[in-house]
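What follows is one chain in structure tokens, specifically the form predicted alone.
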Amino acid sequence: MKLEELPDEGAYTPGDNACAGCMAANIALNVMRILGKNTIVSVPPSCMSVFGGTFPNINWDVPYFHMQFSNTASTITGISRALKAQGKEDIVVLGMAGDGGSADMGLQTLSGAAHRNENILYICYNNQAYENTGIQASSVSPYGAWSTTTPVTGDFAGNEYMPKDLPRILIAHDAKFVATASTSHIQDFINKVEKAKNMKGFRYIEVLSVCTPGWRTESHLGPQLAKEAVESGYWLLIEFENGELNLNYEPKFTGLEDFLMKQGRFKHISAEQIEEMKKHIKRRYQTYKNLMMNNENNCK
């Protein structure tokens, strides 16, 4: 499906209460333009549940479940199994959760669902912090970033840890389908969501989600930052399907400083920290390239 073939409206209606420039709302709107109304969705406590799923102003024009923070994967697993028992296996069962509810509190249920190859589609909109509850760092918050729990004080400025690589963790499960995406590269995003729609088994897509208040950036910069993240290698576009790993876009590894300096959460970052981030970006890229080479060698 091409961008121009998507319907103008989908099963996520416009007019939510998201912050100006919120890319999570953009992700939800475009996901549902692809999936359509033959979908059931569950969203845990998060930005998305607040701006799009607070009664009576629910923007999801499909059956909608709001469950506990750590329960997204287990909730949609239960829904999927109940539908199967009724002979209804053509409905997409979708979980939409942030990085905190996926990489931290929800990791155990997500891991279990991947291990069992549950027939679910799980989309993590990764805005790189607990943005809804006060901009606390999560395990996927970037190195050097300010948050309310990684303050710029003392000998070290900002978050001292490199982000957890959740897609690679799920690839280690030999999951059915694992991908990363960005709405800045919209055709790649469409291809992956449409593929996941038409597959059975466990499907996971992690989408970079610019948060204007949490990233301390201007509301119009979301699409530009999403694009710069991919171009610089900060956000890799990968796809793992049935044991085969592919890199969907070759980053240029340029413009990282410009990308960081547009965000107030990095205004304090030092040249040494930027160099450490660049090394981490290259290491992660090489790790995925090595995984691809190993896969090719094993298939010979």
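Being a predicted model, the structure only gives us computed values, none of them experimental. Numbers for residues come from their place in the sequence shown, where the first is 1.
The form predicted in complex with a small molecule is left out here; the points below concern that form.
- Checked against the small molecule in the predicted complex, the residues 181, 145, 110, 129 give one hit for a heavy atom within 4.5 Å, which is 129.
- The putative spot formed by 12, 53 and 65 is not touched by the small molecule in the predicted complex; no residue has a non-hydrogen atom within 4.5 angstroms of it.
- Contact annotation: residue 98 falls within 4.5 Å of the small molecule in the predicted complex, judged by heavy atom distances.
- Taking non-hydrogen atoms only, residue 249 never approaches the small molecule to within 4.5 angstroms in the predicted complex.
- Contact annotation for residue 219: none of its heavy atoms lies within 4.5 Å of the small molecule in the predicted complex.
- Residue contact check for residue 105: one or more of its heavy atoms lie within 4.5 Å of the small molecule in the predicted complex.
- Partner contact region in the predicted complex: 45-53, out of 263-271, 230-238, 29-37, 45-53, criterion any non-hydrogen atom within 4.5 Å of the small molecule.
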